[in-house]
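Only one chain comes next, encoded as structure tokens, the form predicted alone.
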């Protein structure tokens, strides 16, 4: 490889990393902004090229533009948030009301029937159940890769993005499948909100590279005991979820 080729590779990498580093989460958007139709298409075009197990591409994207639908989504999540608080779950959750003001809102649906395309027996045996657990992981990883491509495309277009994943609740599925005409066989597993931020976005805490990167064998200096994880959840989880790296210690 020539030096010129190497230089071009680094240039491309740096351009990519500029987008990756600036894919920033925000939960309050400029409600007066209207996302151009072509931007939706550019974002979902990026999602279309995500890798997937067996090249199954087990995803569908539903663009929501109607304000009343966004409001219903936001209200459902606020209701779920209230329920968690009453149960004493003590999980730091965002203000889901921001979903109603998101200029761009896309539902991500997965087709779990495609787990049959992965290494399984399809005979309902105990061994088949074992392999289907792994097959479900493959499917979820596939959809996540596609969604991340969409997020990076939105960031490249200059938008702040909010990845809403807390939608496994059966009540929300039952409520919104009929509203968007989603077949029973599919499941909404992600919501992507994006748009110009109402307030400036900020970079959240990230572990340093040596803390996650290992060569050949795992570096036990990076291993967290159960006690360390429990302490992190107790003292730092909320702060690293919603504040920047300068405020975690």
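Numbering follows the first chain given and starts at 1. A quick note: this is a predicted structure, and the numbers were derived from the prediction, not measured.
Missing here is the form predicted in complex with a further copy of the same chain; even so, the following discussion is about that form.
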Within a 4.5 Å heavy atom cut-off, is residue 28 in contact with a further copy of the same chain in the predicted complex? no
Look up in the predicted complex whether residue 175 has a non-hydrogen atom within 4.5 angstroms of a further copy of the same chain, and give yes or no. no
Contact flag, residue 75 vs a further copy of the same chain in the predicted complex, heavy atom cut 4.5 Å: no
Indicate whether residue 143 is a 4.5 Å heavy atom neighbour of a further copy of the same chain in the predicted complex. yes
Hey, which residues along 128-158 are within 4.5 angstroms of a further copy of the same chain in the predicted complex, non-hydrogen atoms only? 130, 131, 134, 136, 137, 138, 140, 141, 143, 144, 145, 148, 149, 152, 153, 155, 156, 157, 158
